[in-house]
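There is one chain below, alone, in structure tokens, taken in the form predicted on its own.
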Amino acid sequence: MSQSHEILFKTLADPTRRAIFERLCRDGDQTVAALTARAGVSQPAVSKHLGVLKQAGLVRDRHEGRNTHYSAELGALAPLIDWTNQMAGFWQSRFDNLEDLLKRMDQ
């Protein structure tokens, strides 16, 4: 697994961070205050999670006056999508082989 995969998996492994990312994906552009209101953790914790997400390339920020708006970078998930597709192909071939074996055993 490449380093970019590792970074993305580690970043999204935290349930709070994953929830913040999912909210940005679902609801679009959000301020730190808006994210904090529904995150169940403190504003400094949300800011720290956003920093980790930004470092991993999963979110980008935009400053507007005193507020910072965050949005999801969906393209950053491409390595995970590629990896998932590879794993799906791997397991599909394994299941096909198992099916063939079971059919031969039934004969």
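The model shown is predicted, which means the values in this text are computed figures rather than measured ones. In this text, residue numbers run from 1 along the sequence as written. What we label the rigid core is the largest C-alpha set whose atoms superpose within 1.5 Å from one form to the other.
Another form, the form predicted in complex with a further copy of the same chain, is not on view; read the next lines as being about it.
Asks: Does any heavy atom of residue 27 come within 4.5 Å of a heavy atom of a further copy of the same chain in the model of the complex?
Replies: Taking the distances in the model of the complex, the answer for residue 27 is yes, it comes within 4.5 Å of a further copy of the same chain.
Asks: Quick one: does residue 80 come within 4.5 Å of a further copy of the same chain in the model of the complex, counting heavy atoms only?
Replies: Output for residue 80 is yes: heavy atoms within 4.5 Å of a further copy of the same chain.
Asks: Answer yes if any heavy atom of residue 35 is within 4.5 Å of a heavy atom of a further copy of the same chain in the model of the complex; otherwise answer no.
Replies: Output for residue 35 is no: heavy atoms all beyond 4.5 Å of a further copy of the same chain.
Asks: Does any part of residue 6 reach within 4.5 Å of a further copy of the same chain in the model of the complex? Heavy atoms only, please.
Replies: Looking in the model of the complex, residue contacts with a further copy of the same chain include residue 6, since a heavy atom lies within 4.5 Å.
Asks: From first to last in sequence, which residues of 8-34 have any non-hydrogen atom within 4.5 angstroms of a further copy of the same chain in the model of the complex?
Replies: Going through 8-34 in order - heavy atoms within 4.5 Å of a further copy of the same chain in the model of the complex - the hits are 9, 10, 12, 13, 15, 18, 21, 22, 24, 25, 26, 27, 28.
Asks: Once both forms sit on the same rigid core, is the C-alpha displacement of residue 89 at or above 2 Å between the shown form and the other one?
Replies: Passes the 2 Å threshold, so yes.
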